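In the form predicted alone, a lone chain appears below as structure tokens.
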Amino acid sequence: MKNILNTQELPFCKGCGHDLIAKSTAAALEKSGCSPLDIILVTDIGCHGIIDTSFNTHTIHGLHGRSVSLGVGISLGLNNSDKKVIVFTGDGGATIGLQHIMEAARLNINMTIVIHNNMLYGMTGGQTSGLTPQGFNTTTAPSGNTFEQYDICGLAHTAGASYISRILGIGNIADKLAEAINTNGCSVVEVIELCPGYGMKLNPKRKLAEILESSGKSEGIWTNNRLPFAVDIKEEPTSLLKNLKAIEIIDKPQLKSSYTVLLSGSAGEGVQTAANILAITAVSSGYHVTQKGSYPVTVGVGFSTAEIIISPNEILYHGMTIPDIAIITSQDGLNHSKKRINLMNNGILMIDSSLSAPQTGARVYNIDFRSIGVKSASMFSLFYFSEISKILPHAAIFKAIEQHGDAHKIPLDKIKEIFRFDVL
């Protein structure tokens, strides 16, 4: 059987309890005879979350406090007790996502939640969390936390989880984790540990057992004799892909190797839509395509960047450092993509004429993309891409626009006039 971990050199500070939890979880899963491909590990924001690439399992990285809700969705979607859904979260994530833990326990979802309780927010500076014991020193409570912490195990037990345990992160805890993982229904394990970066420094000479005892809590196991949540499927669900129209292949690929395109402009100006049109066009021309979007969390402001890989061969993963062609339609896009443009030793840079081209080894084309309207600049750039690169024909772009349903948003008559071709 393949190992659950792909390395024993984990990315944690020396002495961090996260290392013990990760290795013990892997040992518990291996002892239980689990195949890596039958395990879905969901991690939260926090130091524990940097473990993702060290596991040979399926891994998903969630937003802060939302890992449990993702795990619930995965468990319900799989509806397969042979699959193991393991959620890692910290005491900070447990505080932020407390209601998600309570709902998973109340419904008794088939999953295991491992709470890495080092009693503070380790990644963001050692601040107090909802699971910080009274009297424990943090950067925001240097004289000791004055509030009682949540009893997360008590809450999960009252809510109805099948199995709850609180353990000290010392020694070999694999068997204790295996017991939780092999329980039907929701299991919650709170592992008490210390952060070497903040917890140990701010609470010198304190031991885990003493900290736990002084908080009025203890190690233990609590259970509820309940069946796990049953998914009652009364009718076969309809696939969301069913209503999608297949892209008609109208041409044969001309490229012999992959070609990478960077499209970058401002949020709200249709960059991602233009990238989608480009991807559809490439598929209709017989290519394999990947598309990746990047933009700030606050949607509608700042940059919007899209990466497209076009290849005559199957693309096994998306990865692009230096593009073959960069299309820049605004200052926001230039600011976000400037470093990659600087690294281009050849290739093509198409940049709006209102902008100054940065230092680059690419062949530069200054084009007034925004002349037919700011909202259409990115879409307009596709026709210049077709004209200059000779990779995709204009006709295929028009067909993709029609299929996407965006023809009414684009001044096609102006484009026809500029390029002197018929709009199909």
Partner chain sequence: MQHKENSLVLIDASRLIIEGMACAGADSFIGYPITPANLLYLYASKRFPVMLPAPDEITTLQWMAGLSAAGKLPITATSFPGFALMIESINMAFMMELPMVIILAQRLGPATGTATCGAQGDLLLLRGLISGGHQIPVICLSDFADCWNLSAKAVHIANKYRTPVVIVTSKEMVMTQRSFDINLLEEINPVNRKFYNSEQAYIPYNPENNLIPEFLPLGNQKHQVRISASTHDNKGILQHTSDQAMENTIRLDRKIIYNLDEFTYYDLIEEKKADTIIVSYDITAASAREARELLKKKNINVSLLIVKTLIPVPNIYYEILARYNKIIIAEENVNGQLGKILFGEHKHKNIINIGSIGKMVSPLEIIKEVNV
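This one's a predicted model, so the numbers in the text were calculated from it and none came from an experiment. Just so we're on the same page, rigid core means the largest C-alpha set that superposes within 1.5 Å between forms. Numbering follows the first chain given and starts at 1.
There is another form of this protein, the form predicted together with the partner chain, and it is not shown here; the text below is about that form.
Contact with the partner chain, judged by heavy atoms within 4.5 Å in the predicted complex, is confined among 176-184, 343-351, 151-159, 309-317 to 309-317. For the residues 217, 288, 206, 338, the 4.5 Å heavy atom test against the partner chain in the predicted complex is passed only by 288. Only one of 143, 225, 257, 238 comes within 4.5 Å of the partner chain in the predicted complex through a heavy atom, and that residue is 238. When the partner chain is considered in the predicted complex, residue 80 lies well away from it, no heavy atom lying within 4.5 Å. The partner chain in the predicted complex comes within 4.5 Å of no heavy atom belonging to residue 371. When contacts are judged by a 4.5 Å heavy atom cut-off, residue 376 does not count as touching the partner chain in the predicted complex. Contact check for residue 276: a heavy atom falls within 4.5 Å of the partner chain in the predicted complex. The three marked residues, 322, 386 and 391, fail to reach the partner chain in the predicted complex, with no heavy atom of any inside 4.5 Å. Residues of 73-103 placing a heavy atom within 4.5 Å of the partner chain in the predicted complex, in sequence order: 73, 74, 76, 77, 78, 83, 99, 100, 103. Annotation: Cα of residue 314 displaced by at least 2 Å between this form and the one not shown, core superposition. Relative to the superposed core, residue 225 undergoes a C-alpha shift smaller than 2 Å between this form and the one not shown. Core-superposed comparison between this form and the one not shown: CA of residue 340 displaced by 2 Å or more.
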